[in-house]
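First, one chain by itself: the form predicted on its own, in structure tokens.
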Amino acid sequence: MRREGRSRWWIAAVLVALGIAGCGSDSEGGGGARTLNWYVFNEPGGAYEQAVKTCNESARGRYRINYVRLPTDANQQRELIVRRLAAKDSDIDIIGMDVIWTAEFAEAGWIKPWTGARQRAARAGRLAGPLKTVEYDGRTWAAPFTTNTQLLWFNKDKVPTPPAGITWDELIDRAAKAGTGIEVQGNQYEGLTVWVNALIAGAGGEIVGEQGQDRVGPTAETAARIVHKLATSRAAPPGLATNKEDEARLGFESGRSSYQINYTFIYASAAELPGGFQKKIGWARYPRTVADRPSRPPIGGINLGVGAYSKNPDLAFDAAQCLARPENQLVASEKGGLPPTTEAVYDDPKLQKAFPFADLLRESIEAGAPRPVTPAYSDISLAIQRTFHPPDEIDPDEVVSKLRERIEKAGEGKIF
């Protein structure tokens, strides 16, 4: 099972530091409005603050959303939320949920399903990729708010021909021949699971089925051969086995690599660099795993769930629905670099300005592959990470049996 590795005093200290111990969702806020606590990561651009302000004003005194800031690290977010939900904490009204939490939280009874008119509102106009991340056991458990995916970014000064429709094998060969690197997330953490899952999905496979059953097959070996090929080629950047998103960004910006696989934040970050570096960045769709299949890019993002123990669930649904409105998604894109989940927002000139690659982004998200939807996701992800790390020591011939054994143990709650 999941090894948390953090002591009780540490959690208590974090809770105190965050100011979230006993927030009191049933307390009265301005003018008698019910206070609703929205637990979500601390978005630095101010987008979430503006969404809260907008919804509080439109509520006309019915409720007041209190923005409870969680750490930016997804594992820490989950740990804090899970501990409170497991204790049936009624202070949690709305949850900014990582897309991989849906099945676990639904199965545990920690969130309420969206039904009837609320379900229709949560799904209206949303892209197919994000919708898959709120579904479990035939029901809708959250409203898609923001999303994200990875693109293949390249330095146009060094790569004059855009690598559109390229396979991973072709990309690795091209980079190795040119003596440059491909920045990826190869550390033993969630980013490695994201990479492996996209490779397997791009080959037409999956890791577990809808009922959580083992689906590991030859596509896992295909993924392993690609990971190992990159890690042992001239295209592997220094420190690939410890690379996360930011290390990949820095490697690309420093010039050690002409390519990188990463999220959209790298484009906004480049605007701060001297020499007009941002204008040198080109983009293409996520590479194909196999030549005869389109790629299945990763899907990330934040969904809005309603806590099962909230004392004001109807108001919480109303507030979550307000937060997830297209206009708030647009603000999240402009201020936070977080792509919208509503398709129509991609046609807004403001979004096109913030994301010149908006059309490719929409296409990639629509075609994206969610990570396994299962209550045992945390352990499934850990099994993937241990099987595929370190990348340069993988034996592709043994990956299928190793991954299958570890996933089987994860499903049974055994240590692997």
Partner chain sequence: MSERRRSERRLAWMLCAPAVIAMLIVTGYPIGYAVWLSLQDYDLRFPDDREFVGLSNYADVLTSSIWWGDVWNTTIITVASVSIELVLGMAIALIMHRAIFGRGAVRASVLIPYGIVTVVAAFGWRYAFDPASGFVQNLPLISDTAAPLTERGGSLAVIVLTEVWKTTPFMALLLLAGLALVPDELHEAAKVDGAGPVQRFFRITLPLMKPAILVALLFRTLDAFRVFDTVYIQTAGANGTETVSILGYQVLINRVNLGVGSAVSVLIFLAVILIATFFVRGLGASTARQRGEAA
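Here the structure is a predicted model, which means the values were calculated and not measured. Residue numbers count along the first chain shown, from 1.
The same protein has a further form, the form predicted together with the partner chain, not shown here; the description that follows concerns it.
*Asks:* Is it the case in the model of the complex that Leu151, Leu273 and Arg404 each bring at least one heavy atom within 4.5 Å of the partner chain?
*Replies:* No, none of Leu151, Leu273 and Arg404 comes within 4.5 Å of the partner chain in the model of the complex.
*Asks:* My question is simply whether Glu247 lines the interface with the partner chain in the model of the complex - judged by any non-hydrogen atom within 4.5 Å.
*Replies:* Yes, Glu247 is a contact residue.
*Asks:* Applying a 4.5 Å heavy atom distance criterion, does Arg78 contact the partner chain in the model of the complex?
*Replies:* Arg78: yes, in contact with the partner chain in the model of the complex.
*Asks:* Since only the chain is shown here, I'm wondering whether Arg256 would be in contact with the partner chain in the model of the complex (any heavy atom pair within 4.5 Å).
*Replies:* Result yes; Arg256 sits at the interface with the partner chain in the model of the complex.
*Asks:* Decide whether Asp137 counts as a contact residue for the partner chain in the model of the complex under a heavy atom distance cut-off of 4.5 Å.
*Replies:* No, no contact at 4.5 Å.
*Asks:* Can you say which of 34-42, 48-56, 350-358, 370-378 gets within 4.5 Å of the partner chain in the model of the complex, counting heavy atoms only?
*Replies:* Stretch with heavy atoms near the partner: 370-378.
*Asks:* Looking at Ala164, Ala108, Ala117, Ala344, which is the one with a non-hydrogen atom within 4.5 Å of the partner chain in the model of the complex?
*Replies:* So the residue touching the partner chain in the model of the complex, by this definition, is Ala108.
*Asks:* Could you tell me which one of Ala124, Ala291, Ala128, Ala86 places a heavy atom within 4.5 Å of the partner chain in the model of the complex?
*Replies:* By the 4.5 Å heavy-atom cutoff, the listed residue in contact is Ala86.
*Asks:* Of 387-407, which residues get within 4.5 Å of the partner chain in the model of the complex if you count heavy atoms?
*Replies:* Stretch hits, in order: His389, Pro390.
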